[in-house]
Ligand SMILES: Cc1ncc(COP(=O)(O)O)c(C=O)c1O
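Only one chain is included here, represented as structure tokens and corresponding to the form predicted on its own.
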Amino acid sequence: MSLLSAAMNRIQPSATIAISNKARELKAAGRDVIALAAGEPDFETPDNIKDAAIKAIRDGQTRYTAVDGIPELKAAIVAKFKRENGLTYKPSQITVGTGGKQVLFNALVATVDVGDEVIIPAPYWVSYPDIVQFAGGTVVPVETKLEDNFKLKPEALEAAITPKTKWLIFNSPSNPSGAAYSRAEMRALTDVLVKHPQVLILTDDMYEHLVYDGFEFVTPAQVEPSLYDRTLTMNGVSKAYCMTGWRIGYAGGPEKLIKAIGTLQSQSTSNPNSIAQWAAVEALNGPQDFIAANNEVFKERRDLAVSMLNQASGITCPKPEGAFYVYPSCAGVIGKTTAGGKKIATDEDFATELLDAEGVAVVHGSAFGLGPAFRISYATATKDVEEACLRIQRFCGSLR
């Protein structure tokens, strides 16, 4: 009899977390390491949000709450969806979890059976396929192309749909590519989905507010209201509100699905942290002006990284519309050899040798389902982004 369940054989540890942990270990050992693996803003949580958390503690808001969120937070989420996305939900259609990852996990485990197919555009966030596989589903990756800025094309979506398709997982702006879909691009995809009523849509809007150059964010049910009853619209406070450690994610969707998510959560973690929930109420209801100010810094870092990476030998880096990642191709260095005589056969080799030679931690593209490439998070100090890109230029220039 095996100690571990068969489900554990279907998943792997998160590649992004593994790289981040390795970078921390090297730093602790005295290495000069610039870690560009984690998707975590370097800005502090705004003071008004911190103050709301402190007030909640002092007011005694430290006990169990409703499993899937306090009424005040659900009301703030309802108002946010209406104000920013034109989507009307009732509190009974809202769920709050311990981060967006728990919401996604709950939704997929609650709905996916063995044999169900889940379409995931590649490159994708590393956790999507593992969660699907843990639930017993079949991942159907649909590769995108660099020349299309890593955006899913409607004809590719159409070709991937079968009678077994249960979900499309959709992420805009994208982790890892930063690709974001315009209203016209979104309309082309929703036109396909309208023709296939058995397909549910799980849209991950976590990077909604992190867009640049006047880009207008839209979400699928906003563009095509007929998809409303089969769409789970997920979001959270981690990225735009600089609250990664607070662990609050949320979603709006069909009441039957939301109830099932609540049942699953009641038998796993129960309620999200009570203090973090009150902080999230203030995040959603309070001042929003700091987001635009932060985005100006992110945009400068994006432009710096794209420019410098495109000057590195063998690297091609498209300019993304959103999030705080770039996803350069390293196809031009595959097959080359390092100064120490090691051959770069894969993008994982590239990331490994870059970390060893220059102390720059990036995540290899094959972890996101599409290589040869690598992901850089520029949600870190501008001087570190610049220095890391200089080191990447030097490393690529040393390859033969």
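If you're wondering where the values come from, they're calculated on a predicted model, not measured in any experiment. In case it trips you up, residue 1 is the first one in the sequence shown, and so on.
Below, we turn to the form predicted in complex with the named molecule, even though it does not appear here.
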property: Placed ligand check: the named molecule in the predicted complex, overlay by site C-alphas, backbone/C-beta within 2.4 Å; result: open
property: Heavy atom within 4.5 Å of the named molecule in the predicted complex - residue from 123, 100, 129, 322; result: 100
property: Listed residue that, although the named molecule is not shown, lies within 4.5 Å of it in the predicted complex (heavy atoms), from 247, 153, 230, 209; result: 247
property: Any non-hydrogen atom of residue 104 within 4.5 angstroms of the named molecule in the predicted complex; result: yes
property: is_contact(residue 234, the named molecule) in the predicted complex, heavy atom dist at most 4.5 Å; result: yes
property: In the predicted complex, residue 190 touching the named molecule (heavy atom, 4.5 Å); result: no
property: is_contact(residue 302, the named molecule) in the predicted complex, heavy atom dist at most 4.5 Å; result: no
property: Interface stretch in the predicted complex with the named molecule - options 235-243, 129-137, 311-319, 211-219, non-hydrogen atom within 4.5 Å; result: 235-243
property: Contacts with the named molecule in the predicted complex - residues in 141-175 whose heavy atoms fall within 4.5 Å; result: 171, 175
